[in-house]
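Shown below, as structure tokens, is a lone chain in the form predicted alone; questions about how it binds or moves come after it.
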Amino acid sequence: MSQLLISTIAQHVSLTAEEQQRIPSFFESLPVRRHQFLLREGEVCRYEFFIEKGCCRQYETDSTGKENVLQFSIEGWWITDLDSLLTGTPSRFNIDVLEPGVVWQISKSQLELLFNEIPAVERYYRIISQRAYAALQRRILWLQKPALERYQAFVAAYPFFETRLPQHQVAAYLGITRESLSRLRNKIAKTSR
């Protein structure tokens, strides 16, 4: 049983002891290795993934071969292609593993069953969906700002990613090159001396 999964849900909604025991039965635990794909572009997304241990990213590759990172997901966070999952259409994204670990996957049908059997989880899902939408709005605003402001906003919001992710991944998230990110970091280091 994933204590992290249960404690993450319980941070937002009240769960009985019985509900806490039942929730993991709707999921499948999946050990993952670095570079493993949970979803490939062109496949229909069949699962939502809860990260128990490790780090994943969701990205698309443009026509020039450049990877554009939509999101990272670490312990206690979720990742999926919601559009593909809900509509049954092929995904435009890849989801792969940056750090080995364990994810808990749940299918759309199991998620609906979980919502029906334990309504508090549906409330939890609404809460995290609202928070994800707010984060997406902030991200859209970031992308309209100069690269330095985007980087500073990223570090302020997610300081733990700075030491956890390779520079090229952060750059792909910010929509800049690795070299530009290196220049920004050097500029910040010089001004803080």
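What you see is a predicted model, and the numbers here were worked out from it, not measured in a lab. In this text, residue numbers run from 1 along the sequence as written.
FYI, the form predicted together with the DNA isn't displayed, but the following is about it.
Going by a heavy atom distance of 4.5 Å, is V69 a contact of the DNA in the predicted bound form? Because no heavy atom of V69 falls inside 4.5 Å of the DNA in the predicted bound form, the answer is no.
Even though the DNA is not shown here, does Q130 get within 4.5 Å of it in the predicted bound form, heavy atoms only? Judged by the heavy-atom cut-off of 4.5 Å, Q130 is well away from the DNA in the predicted bound form.
Spell out, yes or no, whether the shortest heavy atom distance between P166 and the DNA in the predicted bound form is within 4.5 Å. It does: once the DNA is placed as it appears in the predicted bound form, P166 has a heavy atom within 4.5 Å of it.
At 4.5 Å between heavy atoms, is G175 in contact with the DNA in the predicted bound form? Yes, G175 lies within 4.5 Å of the DNA in the predicted bound form.
In the predicted bound form, which of the listed residues (Q11, S180, S25, T16) lies with a heavy atom within 4.5 Å of the DNA? Among Q11, S180, S25, T16, a heavy atom within 4.5 Å of the DNA in the predicted bound form occurs only for S180.
Though the DNA is not shown, can you say which of R34, R126, R40, K53 has a heavy atom within 4.5 Å of it in the predicted bound form? Selected option: R34.
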